[in-house]
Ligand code: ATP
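There is one chain below, alone, in structure tokens, taken in the form predicted on its own.
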């Protein structure tokens, strides 16, 4: 008789530059809808698709902001796995290391619809698909129909296990928030108050000209 207890852990990855309420709401929806034990917030170390990123916060500042944003939620945890590695960081490698450390855990990788549509271009999507279940956020019926077609395609190509994640229709991006901060426009309610205080104290995203 197999008495092994399987754990259900979510992974919320991103540059979090800065982290905002969209990230937090997405993670909370995944936690509730898929009965997860916890959600790991995994700030990306050096993602190859953002290798020319030079106008944002430092790695330490991104870690600090993420920690501040999730500190009051007992089922959110900061994971520094990618920050500790040298060179470019890839999701397939991160998941391999996590599965080696925790073979009794089923991982649920949380992503937006745009990420799913470009999933074919990720490094070794077949390994990612074998290592986790994908949870994809959709916001309207048209998007849902497009996603369902993409889900069928990825399942056929890579064996991907994908489920739709219902979330509020929030159009928030870190890129837009950085621009607002540079222009000294308000981002209140888009960014958690402790994170916004930290940004002001550290003077992150300020023009240096």
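Note that this is a predicted model, so its numbers are computed, not measured. Residue numbers count along the first chain shown, from 1.
FYI, the form predicted in complex with adenosine-5'-triphosphate isn't displayed, but the following is about it.
- Contact check for 13, 114 and 172: all three have a heavy atom within 4.5 Å of adenosine-5'-triphosphate in the predicted complex.
- Though the partner is left out of this view, residue 75 does not reach within 4.5 Å of adenosine-5'-triphosphate in the predicted complex, counting heavy atoms only.
- For residue 178, a non-hydrogen atom is located within 4.5 Å of adenosine-5'-triphosphate in the predicted complex, even though that partner is not displayed.
- For the chain shown alone, residue 127 is not a contact residue for adenosine-5'-triphosphate in the predicted complex, no non-hydrogen atom being within 4.5 angstroms.
- Put simply, residue 39 is far from adenosine-5'-triphosphate in the predicted complex: not one heavy atom of it is within 4.5 Å.
- Residue 26 is the only one of 26, 65, 162, 57 with a heavy atom lying within 4.5 Å of adenosine-5'-triphosphate in the predicted complex.
- Residue-level contacts in the predicted complex: of 83, 138, 95, 133, one residue has a heavy atom within 4.5 Å of adenosine-5'-triphosphate, and it is 138.
- Scanning 71-91 for heavy atoms within 4.5 Å of adenosine-5'-triphosphate in the predicted complex gives no residues at all.
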